[in-house]
Ligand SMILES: NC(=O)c1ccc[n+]([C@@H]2O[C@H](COP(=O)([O-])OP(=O)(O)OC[C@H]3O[C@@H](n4cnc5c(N)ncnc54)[C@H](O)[C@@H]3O)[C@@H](O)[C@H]2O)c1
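The chain that follows stands alone, in the form predicted on its own, written as structure tokens.
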Amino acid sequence: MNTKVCVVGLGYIGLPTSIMMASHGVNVVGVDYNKALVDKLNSGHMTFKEKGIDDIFFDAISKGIKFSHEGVSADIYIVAVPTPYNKLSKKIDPSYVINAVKDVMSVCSKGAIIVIESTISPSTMDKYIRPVIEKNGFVIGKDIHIAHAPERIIPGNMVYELQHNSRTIGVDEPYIGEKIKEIYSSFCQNEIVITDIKTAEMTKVVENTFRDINIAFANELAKICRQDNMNVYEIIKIANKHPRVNILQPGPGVGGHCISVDPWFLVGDYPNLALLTHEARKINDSMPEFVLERISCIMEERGITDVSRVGLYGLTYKEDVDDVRESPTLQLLENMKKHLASGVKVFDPMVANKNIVPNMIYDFDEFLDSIDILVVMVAHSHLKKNINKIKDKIIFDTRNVFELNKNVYKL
């Protein structure tokens, strides 16, 4: 394929996308302004752990992918940079995307296509991207074409989902959509829908908001059942036998950079309309505090007064990945600071950087020897393989891994 593609931002989305394209014959340059990250990739090392991704990475290298910390000229630019939200206004912070687009404009040739793959709130392209392009003297639709093709993958299953999930491409001009579709079709085996930009923006936010609301219902059930001493897991199991009911499992909170962030875009932009969305966000954000309250009750019941004898298993936001963004454990530790409490131990076999939080212990046996209460925050495969080592511990199981007994507590 002669078309040259530049992927801007080599994080959890941009890097897998770039190497997947390259491994399927697309001429790709991956750009990130973090020189240390680029140097690591150029030395032949992946920057995070993910099932099956090393094979794709080495295949991409063998087929000529390049990595650079400087902008390059290309036909199509795919922008995959962070899109956080403002904690006060709840609106999107578009600064990373705006800066990436400005950098692209400094090196692109006439007729280039800029595809924003980062998740953005509805009308972000109209409010921020179009004005910055026009302010720099480019005519949209002539000098530069713009599109939104939101990512739709999840850490832990990236390779499969890149290939098998359907995709959406939002454009002004259908023929530009077809050019972008050709690139994504190199590896995507599912349907690729071409629509307008605002619909593409809204669709991605709606997908994650739907999931957030359903998780919130399960978490609200857990709180209700705890107050009246009912088994929420048994109730959900029985209710789900109804052919039109599919309640999710409750948990210690919602993390990652999708479900815990994207619904806030709707709340920020439509504060008087996104009422259910707002309530769901508040419920899910309250779960780490709820977990803290349960830990306190368990400590009191078992006569344990030293918080340093409590161990949190799992720092990532989901099982078997090394991604800690917005993780419930980090949220819980932040809540502990508000209560002027500290000393709780933390262990996670997936996290290489042991300095992310205080009292992180490297060795699992040492971790177990230093605690009396094990709080399961993440159900890594490692935990299930080491169940025999923890059978004598008091366990607070927020992920429903263990059978309920005198030493196992649930949400």
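Remember, it's a predicted structure, so these values are computed and weren't measured experimentally. Numbers follow the displayed sequence, beginning with 1.
Beyond what is shown, the protein has a form predicted in complex with the named molecule; the following relates to that form.
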(request) Considering the named molecule in the model of the complex, find the one stretch among 377 to 385, 364 to 372, 344 to 352, 27 to 35 with heavy atoms no farther than 4.5 Å from it. (result) 27 to 35
(request) Decide whether Phe396 counts as a contact residue for the named molecule in the model of the complex under a heavy atom distance cut-off of 4.5 Å. (result) no
(message) in the model of the complex, does Val8 come within 4.5 Å of the named molecule, counting heavy atoms only?
(response) yes
(request) Please check if Ile13 has a heavy atom lying within 4.5 Å of any heavy atom of the named molecule in the model of the complex. (result) yes
(request) Give a yes/no on whether His145 approaches the named molecule to within 4.5 Å in the model of the complex, heavy atoms considered. (result) no
(message) If the criterion is a non-hydrogen atom within 4.5 angstroms, does every one of Val254, Leu332 and Leu411 touch the named molecule in the model of the complex?
(response) no
(message) By the heavy atom within 4.5 Å rule, which residue out of Ser260, Thr277, Thr124, Thr119 makes contact with the named molecule in the model of the complex?
(response) Thr119
(request) Identify, from the list Gly311, Pro94, Gly177, Pro155, the residue with a heavy atom within 4.5 Å of the named molecule in the model of the complex. (result) Pro155
(request) Counting only non-hydrogen atoms and a 4.5 Å cut-off, give the residues of 68 to 106 close to the named molecule in the model of the complex. (result) Ala80, Val81, Pro82, Thr83, Tyr96, Asn99, Ala100, Asp103
